[in-house]
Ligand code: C5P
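Just the one chain here, the form predicted alone, laid out as structure tokens.
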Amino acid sequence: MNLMKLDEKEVKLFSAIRFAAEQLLNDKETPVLIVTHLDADGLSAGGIIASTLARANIPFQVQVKRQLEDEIIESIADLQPPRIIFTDFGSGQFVRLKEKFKDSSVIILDHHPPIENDESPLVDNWAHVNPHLVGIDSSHEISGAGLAFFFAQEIDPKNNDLAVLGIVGAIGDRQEGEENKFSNLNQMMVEEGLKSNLLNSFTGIRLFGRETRPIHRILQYSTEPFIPDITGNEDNAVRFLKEIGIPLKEGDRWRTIADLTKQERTIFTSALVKKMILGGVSPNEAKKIVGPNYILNNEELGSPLRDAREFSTFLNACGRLGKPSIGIAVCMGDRGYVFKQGIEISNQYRGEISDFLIFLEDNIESITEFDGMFYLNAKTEIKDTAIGTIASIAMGNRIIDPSKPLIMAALSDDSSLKMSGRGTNELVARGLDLGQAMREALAKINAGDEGGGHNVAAGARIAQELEEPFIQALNEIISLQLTE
């Protein structure tokens, strides 16, 4: 990386990345345990690091976890790994990790706000790389996969092809800012991909399956954006297209959005934006169906991995439905049987998300409004691995009034209660910090410290019997943040 093109904060970040890379390259014989998060960003990051180690002939194993909870840390410690790389989490558990793995060589590549103040992150056999430690807000500037990519590039400049996975992870982590565009370090990855001819970017309709699915199916299964009266309803999707004069077929072949003529794209986009606004979606959100698309040139035509947004959804599905190893394998280049399994999982996931959104719409009256937030316990009606996604879509598409953050809960398999909160950039500008609020609420009721995240998106895990005091504490904290 040419440090001359970077500002002071970025220079400090890349210096930390270089320290971590040198730490890894000092020993190519000792096996490395890669531990990463199960969402699209985490799987992209894990795939980047796994590919990097494989190319460098460094032995490794990969474990994918939902979070670094106490029992997970204990299970990793039982393995007594000599070297570990944590990606897309670890900063929030820095002190515990330092205690448990003091005799191991550890690298943390995380973009979530650290809980503890780590003033000396680069010491001996430890490298804690986090943008927040040098004053960079990584909510929109760089994700876990982005950090993994720049680390991989530092290991070997030939790893520049992994920039596409960094972009996939950034999309999965909702890193796009105003006008759905990347900025700063994320944009540097885009430029790397364009320069290497690995990526093609253009402005157009941004709906899942634009090159691969029949148009009416795209509308039926659209969750981001959620289309009122159409998402989840095939008949209404077909009726909408017929009303605006868009033919569904060309001969015996179903048409895709990529098949639309320029005039048809204009008609389709205008009618869809109007439909969404009339259904209660804000004009700004509705217009986001048009924006930058990122096409991965090395993927086959018609593949769901060719569009970076679809690749991201593919990975998220693998992680959320309990098949993260498929996501890691695909990131590392598998396009055979494992990939085909992943396609089936992705289709299942999108169907479930559609069903969950319809459940949310049908149960709006069950949402409790507090002074500082909205709250819904979906119990077992929505999977605990999906509530964050559902909350994000609900806020982004104004299914829920965005004047307050939305907190959702769902019952996990271990009988604990998973909490996910989502806000908006406008609420953050008013003082909202959901990550801090989650941590303070846990501390206030002595419920441990399994919680945190970004200012606009965060989560926690609590015992069921602590639901009421936790929600009361969280509401008080958020109300104070927004008041101040």
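These figures come from a predicted structure and were not determined experimentally. We number the residues from 1 along the sequence you see.
Although it is not shown, the form predicted together with the ligand is what the next lines describe.
Enquirer: Decide whether M419 counts as a contact residue for the ligand in the model of the complex under a heavy atom distance cut-off of 4.5 Å.
Expert: Yes, M419 sits close enough to the ligand in the model of the complex that at least one of its heavy atoms falls within 4.5 Å.
Enquirer: Should Q67 be classed as touching the ligand in the model of the complex when contacts are defined as heavy atoms within 4.5 Å?
Expert: Yes, Q67 sits close enough to the ligand in the model of the complex that at least one of its heavy atoms falls within 4.5 Å.
Enquirer: Answer yes if any heavy atom of A457 is within 4.5 Å of a heavy atom of the ligand in the model of the complex; otherwise answer no.
Expert: Answer yes; at least one heavy atom of A457 falls within 4.5 Å of the ligand in the model of the complex.
Enquirer: Please determine whether G451 contacts the ligand in the model of the complex, using a 4.5 Å cut-off between heavy atoms.
Expert: G451 belongs to the contact set for the ligand.
Enquirer: Only one of 458-466, 7-15, 472-480, 21-29 gets a heavy atom within 4.5 Å of the ligand in the model of the complex; which is it?
Expert: Stretch with heavy atoms near the partner: 458-466.
Enquirer: Of G209, P225, P228, G388, which one comes within 4.5 Å of the ligand in the model of the complex, counting heavy atoms only?
Expert: Answer to the contact question: G388.
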